[in-house]
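One chain comes next, on its own, written as structure tokens: the form predicted on its own.
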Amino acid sequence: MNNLQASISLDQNVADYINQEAEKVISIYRRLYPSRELRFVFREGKNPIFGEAIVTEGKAALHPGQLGADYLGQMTVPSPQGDGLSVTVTTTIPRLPLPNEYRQTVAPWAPQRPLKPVFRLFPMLYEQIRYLAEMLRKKRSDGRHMITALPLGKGSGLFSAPGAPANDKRPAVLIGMHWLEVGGAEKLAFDTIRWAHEAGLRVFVVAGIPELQRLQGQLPDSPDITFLRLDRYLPHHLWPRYIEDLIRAENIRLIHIHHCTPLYDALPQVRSMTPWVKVIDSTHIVEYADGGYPRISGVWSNFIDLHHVISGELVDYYRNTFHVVGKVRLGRMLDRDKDMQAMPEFNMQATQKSLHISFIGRLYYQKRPVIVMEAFRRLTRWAVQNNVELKASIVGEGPFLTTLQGLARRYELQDQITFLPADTDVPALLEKTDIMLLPSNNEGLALVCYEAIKHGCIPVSTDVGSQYEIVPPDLLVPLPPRATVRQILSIVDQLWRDPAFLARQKQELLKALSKISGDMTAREVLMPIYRDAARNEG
């Protein structure tokens, strides 16, 4: 790397960072082109998230646009075999993030330009318009997206299928994540990394979406865990060849896909070139617009050995939409040792003089944070009328944060609402919270509802996805924005005013949690598969 340092004057920290990233780039392309001479042209990226790699098989000619002020330098890695064939990789290296970008890289949300005056004057009217647009898009999307499983032929038998090569390395698993950021699906993916490692597998992790991958520091600190930055430096069309080479070189026996589109797209290569590898996936939520990852998973179902799902709704979805039965396994996102030992005591009592209500979630439109704020505004009035001291907490970060803070000032709710960062001690907060609001426009089966009940907090949620499996009917609210707020207010009032209603909801919540606890957990479904892979069985 000396030629890079010599070509431009850099702060030592920046130089160290660029050298570390360059080594990741070289490692990726050395695996993809093990016998070629590799020629790299590095430029400094304008963003902190992703590189822009262009791969040319051969010696590519440089053009002036590659030699501007952002040009860092170039280097050549000789062919180990001296065969004379070259590959040129031109890529940017993302700049180091600014201090504020470590918390948030997405620009603050702003209403669409023609509707800015509407949001400024009537935020809920804007929400209503956006809701109607969402419903129209959902209606129009019906029939536009493939809902048939792709066929997978078994071959004629005239040609022998590839066999697993001899490999003395300990078996490994490849786990594909959406990204390494905060989220319920990511929580499960991190759990599976730990479980696979516990089962004795070496673990390779990739992410489908470029990001800062803020949670990569939470990967187990072990030489058996490797995070490959394909999301930054490998174009998607090269993933299939790379995955095949990785499987052969590292004795990968199992692929586990968590919402990772490039890994789904690599399945034809995996199935045809490495048929001994077992493939499983985990899915969480059917999205409005196009079905989301369960639909993608269903389309690829013939290439996948087992679908793990986290809700009963998804079992029905695979059966009713793709006619997949027999290889869909329900495994709840519960810890049987920690979550099911004792039923909780709920915090709230009827007619109590103070009430603590929280919202916990990423501040993106999916969670409908503007509706959360409108609900808090209406609940504040209700509390004054009933001589109740209301305290509200909003936990989360995202592009809507500044909008919510502005609305809090506009509604004069600064004294009632506390904004808390995403790394807040959520269990400790829930221990002090009476009611949790979750007015999302879309959910699978929200993990935070499990958390709320475990810590004695009553969840009130929109009736979307599989929320009905954990939230009783009387605590579910309709999706249209005004109806959502109206029903939240009615439920809170009834919980506070009516001891019999409150007692019944507590019983229903415990009943739902007990019923779900009777199902297998994700760990119970997945650990046998990991252990088989570790023994080279399956």
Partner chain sequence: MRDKTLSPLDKTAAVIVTFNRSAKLAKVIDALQRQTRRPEVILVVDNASTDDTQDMVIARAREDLSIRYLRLPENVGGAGGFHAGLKAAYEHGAHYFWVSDDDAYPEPDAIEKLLHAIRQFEAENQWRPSFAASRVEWIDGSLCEMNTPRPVWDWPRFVRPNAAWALVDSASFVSLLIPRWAVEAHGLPIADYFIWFDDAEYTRRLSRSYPGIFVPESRVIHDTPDNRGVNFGLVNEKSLWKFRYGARNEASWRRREGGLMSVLSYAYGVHQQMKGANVPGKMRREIYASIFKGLGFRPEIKTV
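Predicted, not measured: the structure shown is a model, and the values here were computed from it. Residue numbers count along the first chain shown, from 1.
Another form, the form predicted together with its partner chain, is not on view; read the next lines as being about it.
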Counting only heavy atoms and a 4.5 Å cutoff, which of 274-282, 408-416, 150-158, 249-257 contacts its partner chain in the predicted complex? 150-158
Given that its partner chain is not shown alongside this chain, does residue 302 nevertheless sit within 4.5 Å of it in the predicted complex, heavy atom to heavy atom? yes
Considering only heavy atoms, tell me if residue 322 and its partner chain come within 4.5 Å of each other in the predicted complex. yes
Would residue 143 count as a contact of its partner chain in the predicted complex, using a 4.5 angstroms cut-off between non-hydrogen atoms? no
If you check in the predicted complex, is residue 82 within 4.5 Å of its partner chain, heavy atoms only? no
Would you mind picking the one in 327, 137, 214, 187 that has a heavy atom within 4.5 Å of its partner chain in the predicted complex? 327
